[in-house]
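Okay, so here's just one chain, in structure tokens, the form predicted alone.
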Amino acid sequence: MPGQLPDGDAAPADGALPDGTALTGRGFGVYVHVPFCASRCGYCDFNTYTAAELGGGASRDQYADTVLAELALARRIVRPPRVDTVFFGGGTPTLLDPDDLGRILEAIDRTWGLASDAEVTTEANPESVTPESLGRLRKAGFTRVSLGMQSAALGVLEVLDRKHTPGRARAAALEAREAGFDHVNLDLIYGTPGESVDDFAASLAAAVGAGVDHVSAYALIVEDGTRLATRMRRGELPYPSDDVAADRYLAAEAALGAAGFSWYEVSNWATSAAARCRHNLLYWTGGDWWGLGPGAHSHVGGVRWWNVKHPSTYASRLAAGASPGHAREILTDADRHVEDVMLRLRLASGLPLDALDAGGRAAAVERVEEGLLEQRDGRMVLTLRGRLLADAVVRDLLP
């Protein structure tokens, strides 16, 4: 089952923000969480539910209407100048009918207004889309699709409990292109037990060969409470190796770089600036967003809150006219500084040196001497070796 929600102060029943809360002016996005999955992957601890796990009180057929009820509440609380990005994540958003996803997108436009160049993304499992459904999504206004490929090796997919065949992700990416999507991402996971050098090389080649303009590649993380963690604890599978993960990352950088992709965030590569995920960049650069759906997180002007976790509780709160907010926190200046350093340093655009205190600037100079950072026009940027040690570099720069 998904992990627990973080602690925080109780959120008000009407969802109101503290007096004086103002938008940051760094862009506004909407995240729509769709918590449904056809089956649970062994490594996943996201807030998602299969039909067997849902029980009573939650309906996939009525989910769009429930999200629209939260959107009506949100309209009374925040009024951004426009919506720059929308991201449907999960779960598997494409288990909903494209018409339902389109209705939610239309309601976001009616509520706040989509920018003329708004980026609208949906995540999808390769087996959850067809040429027909992709065409309907494109017609509904979606501009980008992100497909969970994970691997092109059958053995790796089996360890991860993925249900699609090795070639399905590439085929789905080609279908998305044919449906009119200019921007298509493939997600990869590396470092799965049993994955060979050749397995990962084949996955990279398949992703490049699919003609996508964006690739995300993440090291496998073993989360407590997942089926994969249980198997490793029993000794059925070995734990991931940090050395192997580093080798895989270097292989990804080499293969993607040779194919015309450039990194813009430690785990993300794109063929051009236009191909970068603007929604994620909004997160990483301190923008504002409203998260719709159970367990979804939001941020406006230094106030962060998150909704109740279970879909049935979420639906019952909204049916009673109350906010689905579970808890919230108000970020201090120190909190915001820490997050700014953590997130911006992971970007290829780097972190302004003057964003650090005296101790942080001195540490940054030392990391330059060690070959982990380089200074470009007053900004500190991770080197390739620094990307492998990004978390440690961030810790060194913080008070």
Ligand SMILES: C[S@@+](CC[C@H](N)C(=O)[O-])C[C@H]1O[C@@H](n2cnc3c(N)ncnc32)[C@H](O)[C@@H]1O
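Keep in mind that what you see is a predicted model, and the values were worked out from it rather than measured. One rule holds for the numbers: they count along the sequence shown, beginning at 1.
The protein also exists as the form predicted in complex with this ligand; that form is not presented, and the subsequent description refers to it.
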inquiry  = Under a 4.5 angstroms heavy atom criterion, identify the one residue in 184, 153, 189, 159 near this ligand in the predicted complex.
reply    = 189
key: Proximity to this ligand in the predicted complex, single hit among 140, 219, 78, 303 (heavy atom within 4.5 Å)   = 219
query = Has each of 43, 92 and 124 got a heavy atom lying within 4.5 angstroms of this ligand in the predicted complex?
reply = yes
remark   = Note: this ligand not shown here; in the predicted complex, the stretch from 169 to 177, 230 to 238, 288 to 296, 84 to 92 having heavy atoms within 4.5 Å of it is 84 to 92
message = Against this ligand in the predicted complex, would residue 243 count as a contact residue? Criterion: heavy atoms within 4.5 Å.
response = no
inquiry  = Is residue 132 part of the interface with this ligand in the predicted complex - any heavy atom within 4.5 Å?
reply    = no
query = Heavy atom to heavy atom, is residue 223 within 4.5 Å of this ligand in the predicted complex?
reply = yes
task = Check whether residue 148 has any heavy atom within 4.5 Å of a heavy atom of this ligand in the predicted complex, and answer yes or no.
result = yes
